[in-house]
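This document starts with one chain, in the form predicted alone, laid out as structure tokens.
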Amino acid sequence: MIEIRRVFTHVEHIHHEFGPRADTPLVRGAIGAVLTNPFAGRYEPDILPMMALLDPVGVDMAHRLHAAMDVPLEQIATYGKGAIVGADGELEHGALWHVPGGYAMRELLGWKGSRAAYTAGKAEEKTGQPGNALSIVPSTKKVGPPGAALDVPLTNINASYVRGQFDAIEVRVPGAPAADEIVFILAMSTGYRVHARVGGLLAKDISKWDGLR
């Protein structure tokens, strides 16, 4: 059911936005895997079996993206995910990425809860101590043609309301998705927008436990 045709990785280093040059550039990265959509061209009422099969895809992509960004893991400050579904698929097929994509990054970054409990919708039964990556992973998805662009949102990994780290990265895989494909996307960055200066809470001032809200 899982057939990957291409993997596309994009990393950028932002030194300034028409202001003074930053002492340390902002590093933003995204990775997109182009998969055959097994449900293309038809309505399938039970699509959940594919979600579990995407788990190892998410884990592999998260590790590949971190390696491509070439920064220490503790410098990853924001994350996001998305999907572009080809024209013969439906938007709901992109929603299959919510658990495999989100938890792959959270576990890479040190989250120590129980994925199975959350997957089953039983947050009250979660086990383990949260270590990091407590915030929900923001997401977006669309149905689009080959070469369609998607603005993937980025927010802080522990407190999604850190205003200076609200961001997005545009992701586009040339020639994909074909009508019978899906592009699944993960994105991460090292933190604040270059020249962020609109106030609000700072990541260092928020308890990690706030991310559980």
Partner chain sequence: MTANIRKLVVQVDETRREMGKDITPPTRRAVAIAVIENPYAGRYSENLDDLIAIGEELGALLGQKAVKALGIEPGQAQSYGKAAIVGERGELEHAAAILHPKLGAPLRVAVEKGAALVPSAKKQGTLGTAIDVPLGHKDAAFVRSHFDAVEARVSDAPRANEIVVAVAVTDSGRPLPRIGGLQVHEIKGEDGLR
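Positions refer to the first chain, counted from 1. Please read all numbers here as calculations on a predicted model, not as lab measurements.
What comes next is about the form predicted in complex with its partner chain, which is not displayed.
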{"property": "Stretch from 183-191, 154-162, 42-50, 169-177 whose residues place a heavy atom within 4.5 Å of its partner chain in the predicted complex", "result": "169-177"}
{"property": "Non-hydrogen atom contact His63 with its partner chain in the predicted complex at 4.5 angstroms", "result": "no"}
{"property": "Leu201, heavy atom within 4.5 angstroms of its partner chain in the predicted complex", "result": "no"}
{"property": "Any non-hydrogen atom of Arg21 within 4.5 angstroms of its partner chain in the predicted complex", "result": "yes"}
{"property": "Residue contact check: Ile4 to its partner chain in the predicted complex, 4.5 Å heavy atom", "result": "yes"}
{"property": "Contact test, all of Asn37, Glu92 and His98, partner its partner chain in the predicted complex, heavy atom 4.5 Å", "result": "no"}
{"property": "Partner contacts in the predicted complex for 24-38 (non-hydrogen atom within 4.5 angstroms of its partner chain)", "result": "Arg28"}
